[in-house]
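A lone chain, given as structure tokens: the form predicted alone.
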């Protein structure tokens, strides 16, 4: 009798509709603020448009097909921005091992560990604008600490932000400082959920040091690693604020990244090429999806093999 009651149409409808009702607000926000802008950017990248409408409120863009993408292929500024973004992606991944090692160090019960945690956590709560200003002063010629140190060691100070060959690496170092703190927090949270019985069992089997970390702890940190990789890839590709604050794309455009070049083309003083800026945004989105999708596929394959 109880089974018959549980299968009534009203009970079945409630179980079917309830999840969708809970998902509806999130799906609506995701559609409006994520899917719709993505589709709009894809469509806009096929037009030549200055961002203005006529007096009747009509769209004034001219359909050019794939002309914006063909122009990207021969644009030296785009090539520089693309290579800089690849440097950001590769070097930003250093935040994962460094953040993990710091988290393992801080996940101990020793005297003063709370003070150490506060010091390592400090960069995470600082605005990216403040980080950019601090490192701009740190690298500043004549009075910057880094310039004075290199001058004392080599006899000739290095002005990183004025050197086209070094400027990108200097900005990446500034971005890594708060990013390492963020990854450290993710791994600290993950370490709190590591099963202590597995640690004890591994110790009884003689595992310690790197073997303990590689074979016992890291497999249990897969969720934290997944989130850390996603936010690090996104952080590397949206590196607009530091570039804008520290160099404005200089010197001679050598520190441009795709997000900053998109801003210059679409909204800069001599830009207002909305279609061209949208094409850059589409390329940036594609790069992001390739990296994130590849990592998700690897995680899914590893989980399926277990």
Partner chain sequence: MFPRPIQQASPAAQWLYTIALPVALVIWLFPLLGVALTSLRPASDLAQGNYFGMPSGIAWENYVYIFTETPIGQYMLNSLWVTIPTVIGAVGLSLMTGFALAVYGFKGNILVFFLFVAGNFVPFQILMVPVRDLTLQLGMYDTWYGLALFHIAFQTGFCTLFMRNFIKALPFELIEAARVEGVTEWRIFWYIVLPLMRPAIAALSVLVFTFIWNDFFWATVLTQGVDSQPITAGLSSLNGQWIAQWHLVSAGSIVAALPPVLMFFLMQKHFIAGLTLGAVK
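Residue numbers count along the first chain shown, from 1. In this text, the rigid core denotes the largest set of C-alpha atoms whose superposition between the two forms falls within 1.5 Å. From a predicted model like this one, the values you see are computed outputs, not experimental measurements.
One more form of this protein, predicted together with its partner chain, exists but is not displayed; see below.
Engineer: Mind telling me which stretch in 70-78, 195-203, 151-159, 85-93 gets its heavy atoms within 4.5 Å of its partner chain in the model of the complex?
Structural biologist: Answer to the contact question: 195-203.
Engineer: Verify the contact flag for residue 191: yes if a non-hydrogen atom of it lies within 4.5 Å of a non-hydrogen atom of its partner chain in the model of the complex, no if not.
Structural biologist: Yes, contact at 4.5 Å.
Engineer: Residue 63: heavy atom within 4.5 Å of its partner chain in the model of the complex?
Structural biologist: So residue 63 does not count as contacting its partner chain.
Engineer: Is there any non-hydrogen atom of residue 296 lying within 4.5 Å of its partner chain in the model of the complex?
Structural biologist: It does: once its partner chain is placed as it appears in the model of the complex, residue 296 has a heavy atom within 4.5 Å of it.
Engineer: Would residue 47 count as touching its partner chain in the model of the complex under a 4.5 Å heavy atom rule?
Structural biologist: Residue 47 lies outside the contact set for its partner chain.
Engineer: 37, 234 and 300: each with a heavy atom within 4.5 Å of its partner chain in the model of the complex?
Structural biologist: Judged in the model of the complex, 37, 234 and 300 all sit within 4.5 Å of its partner chain.
Engineer: Note that its partner chain is not shown here; using its position in the model of the complex, name the residues of 81-100 with a heavy atom within 4.5 Å of it, in sequence order.
Structural biologist: Contacts from 81-100: none.
Engineer: Does residue 116 move appreciably between the shown form and the other one, meaning a CA displacement of 2 Å or more on the superposed rigid core?
Structural biologist: Yes.
Engineer: Can a Cα shift of no less than 2 Å be assigned to residue 252 between the shown form and the other one, given superposition on the rigid core?
Structural biologist: Shift at residue 252: below 2 Å after core fit.
Engineer: At a 2 Å cut-off on C-alpha positions, does residue 283 qualify as shifted between the shown form and the other one after fitting the rigid core?
Structural biologist: After core superposition, the displacement of the residue 283 C-alpha between the shown form and the other one stays below 2 Å, so no.
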